[in-house]
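Okay, here we've got a single chain as structure tokens, the form predicted on its own, with questions on binding and movement later.
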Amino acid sequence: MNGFFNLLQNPLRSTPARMVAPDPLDAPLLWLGKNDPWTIRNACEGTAIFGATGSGKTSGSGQALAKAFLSAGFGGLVLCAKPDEAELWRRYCQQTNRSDSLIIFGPQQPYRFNFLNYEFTRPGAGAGLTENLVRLFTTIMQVAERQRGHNSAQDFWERTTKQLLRNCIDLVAIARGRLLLQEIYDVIVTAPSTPEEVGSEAWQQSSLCWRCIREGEARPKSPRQANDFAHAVKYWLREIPALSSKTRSIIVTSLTSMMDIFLRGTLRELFCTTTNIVPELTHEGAVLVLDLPVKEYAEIGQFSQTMMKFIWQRASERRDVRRHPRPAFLWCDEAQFFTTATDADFQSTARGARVATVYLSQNVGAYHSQLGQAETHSVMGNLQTKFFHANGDPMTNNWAAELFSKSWQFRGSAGTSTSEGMTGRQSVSKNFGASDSLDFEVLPQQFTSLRKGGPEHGYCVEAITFQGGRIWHATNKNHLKVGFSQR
């Protein structure tokens, strides 16, 4: 594995004289211009890559960044949208001598991750906290709800669903000393539906909810557990039976419909059996590729990878970077499938956690369709480096032009006119003029003509680059056109 502080070179040109970096984070990963390094620190401030299908965003800037991370010894988590992505990363690892670091996580592989028991038993002061587990579920549900066209921000249903989940987790964890998704599901579906059913012997004999209540009563408990357990019992024996059947049905279904996906088939085997792999391996250099592409597995690929991303982000935030300084990357091509409202919060502290986030997508509208406009701008605002490849989307091109800002542009004009007098003689007059106007530094139409690679463009892919707060030496402006070789 290549060293963490290796100085890398732009695939299009030789590296300039070696720079001595006073801080490891200032070590260059790529050279985007003769005196314009892109450093580990820049990478940890987040990156967004835009480009239309066929623009070369994956084989251009995407490939350059991916190989830079691998060559520098980063570990990372890779989310897959397309069926060929796992093979692409296998090739990247071969080309950078990182094959030994590659872990493919998928149905045909031996790796398993019981996400619920991991969160319940992992090291750290926050392990097993009910609210952390509730947040994990509700993050997945955000994606599920927007897929179904619902508004996940409806306060009442969100609060009541969290309440159901919170009391279920407390009941099962205290009664059984473990957390299994199947048992949480069974407690919910065997809860009493009427006040009369609570006293029914037939219900008590068939209900896991009732058995957990009895088991929990018999187990020794800390004062905090005793308080939480008492609240949970009141909820299951008093509040739930008192709800109207319609209200209870909506609350229960909104949660169990998402759980059901994880309790059968591929996802049950991968995420609800045993654990022989954990996200923390990426902090030691493992490259974990989630081979559950959305284009192949649809909903279950999207939900499972979003869940893994969220767990990995939290694991990255709580690690001690003084003891484990190796940077790690988060890679999402077709990132609109995997983004959630929590990403903006994570990215605001990602640099301190030494996480280099890279999100690739065709256009801004793809994010709007999944997150809404406000959340999109919140997430994009925290990704400081942006690469804009060839694109025909007016919204994205205008947004990019606005990002580069406007400046006073000098415009010259000239013209001639011909007139014919009473005598038939012609006269010619010429006029010249000039004016200053406030106009885009980079016009939106310039993004439509960037080179897209392939033999017709000499296998060169172009992008216009922006980084928040940076003036590039090569242009003395806040934008820079960069070329990337597909070879």
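Predicted, not measured: the structure shown is a model, and the values here were computed from it. The first residue of the sequence shown is number 1, and the count goes up from there.
A second form of this protein, the form predicted together with a small molecule, is not displayed here; the remarks below concern that form.
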**OP:** Please pick, from Asn397, Thr385, Ser254, Gln362, the one residue with any non-hydrogen atom lying within 4.5 angstroms of the small molecule in the predicted complex.
**Re:** Gln362
Original post:
Considering Ala52, Val442, Leu450, Leu30, which brings a non-hydrogen atom within 4.5 Å of the small molecule in the predicted complex?
Top reply: Ala52
Subject >> 4.5 angstroms heavy atom contact with the small molecule in the predicted complex for Thr39 >> reply: no
Original post:
Taking heavy atoms only, is Arg112 within 4.5 angstroms of the small molecule in the predicted complex?
Top reply: no
Subject >> Residue contact check: Ser59 to the small molecule in the predicted complex, 4.5 Å heavy atom >> reply: yes
Subject >> Any non-hydrogen atom of His324 within 4.5 angstroms of the small molecule in the predicted complex >> reply: no
Subject >> Site check Gly73, Phe310 and Arg314: each within 4.5 Å of the small molecule in the predicted complex by heavy atom >> reply: no
